[in-house]
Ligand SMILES: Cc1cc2nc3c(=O)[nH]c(=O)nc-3n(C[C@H](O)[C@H](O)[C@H](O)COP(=O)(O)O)c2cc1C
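Single chain ahead, by itself, as structure tokens, in the form predicted on its own.
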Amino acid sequence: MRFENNLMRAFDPDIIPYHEIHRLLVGGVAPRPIALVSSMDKNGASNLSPFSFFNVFGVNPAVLCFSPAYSGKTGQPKHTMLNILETRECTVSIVTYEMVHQISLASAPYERGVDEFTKSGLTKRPSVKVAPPGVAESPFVLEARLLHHIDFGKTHGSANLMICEVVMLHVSEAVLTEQGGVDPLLIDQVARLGGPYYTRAKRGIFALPQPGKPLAGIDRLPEEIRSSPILTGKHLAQLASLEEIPEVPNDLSNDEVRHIAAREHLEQGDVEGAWRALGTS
């Protein structure tokens, strides 16, 4: 599906109710990784709650951020935020497909002091550097300490940005590759979409080359190819993902036939075949 000429509606957060903006944002900014955050209050009572406004940033130091926003219904702060402000510690466990029903239980609005580990049946994994436990069922657990807290409004749906330093990582050997990375098929992560929807990451995995050198770019393609009504921006980017663009003879005809043939090759990931279809030797 191409969206170049689609009609766009504008939504102004200064005018549109916050719950409508929330519905649009979580539907459009997706899929989002899920932070299953374990925290403790100053008396040692455990809390476990999932948050999908979450990601990691940088590695030196390694930093994670998530947002336990004020409740859209009550305007009250999340127990996770209150706990971390008291103790400045937490763990983040990555959610896998086998855990999704249990994290749904953990997300219910229990009273403060109720242990969601008990409610969800998830198992506490002792931490090394912080007090809150990780989730034993997760193959990837981060221990973290609070660096900064930014409060954006103290009202219904307002964000709280918890910026934490990762002080310890725990990774299951079952998901590690020989090179020391994490195998995306074996870890089987789940991500959040809008409304009640989730996605299972490994079912949609595909690979793209990671450029280590400057590439030719679409602006270097011949005009005949660049202005093609058959080749989309995706196809042009595939053709332009070379260091040098092959020379296409000027006396070729049947542009439509050649472009359709090139598109078929590109849909299979065959860039060299596409260029041959366009007339290069």
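These numbers come from a predicted model, not from an experiment. One-based numbering along the sequence shown.
Another form, the form predicted in complex with the named molecule, is not on view; read the next lines as being about it.
Trainee: 78, 107 and 198 - do all three of these have some heavy atom no more than 4.5 Å from the named molecule in the model of the complex?
Mentor: Result yes, every residue of the spot touches the named molecule.
Trainee: What is the one choice in 164, 84, 92, 103 with a heavy atom within 4.5 Å of the named molecule in the model of the complex?
Mentor: Exactly one listed residue reaches within 4.5 Å, namely 103.
Trainee: Considering the named molecule in the model of the complex, which of 192, 124, 156, 170 comes within 4.5 Å of it through any heavy atom?
Mentor: By the 4.5 Å criterion, the partner-contacting residue is 192.
Trainee: Please determine whether residue 143 contacts the named molecule in the model of the complex, using a 4.5 Å cut-off between heavy atoms.
Mentor: So residue 143 does not count as contacting the named molecule.
Trainee: Hey, in the model of the complex, does residue 221 get a heavy atom within 4.5 angstroms of the named molecule?
Mentor: It does not: once the named molecule is placed as it appears in the model of the complex, residue 221 has no heavy atom within 4.5 Å of it.
Trainee: Would you classify residue 69 as touching the named molecule in the model of the complex, given a 4.5 Å non-hydrogen atom cut-off?
Mentor: Contact check for residue 69: yes, within 4.5 Å of the named molecule in the model of the complex.
Trainee: Quick one: is residue 49 in contact with the named molecule in the model of the complex, heavy atoms, 4.5 Å cut-off?
Mentor: Residue-level check for residue 49: yes, a contact with the named molecule.
Trainee: Going by heavy atoms within 4.5 Å, which of 233-241, 213-221, 251-259, 52-60 lines up against the named molecule in the model of the complex?
Mentor: Only one stretch qualifies here: 52-60.
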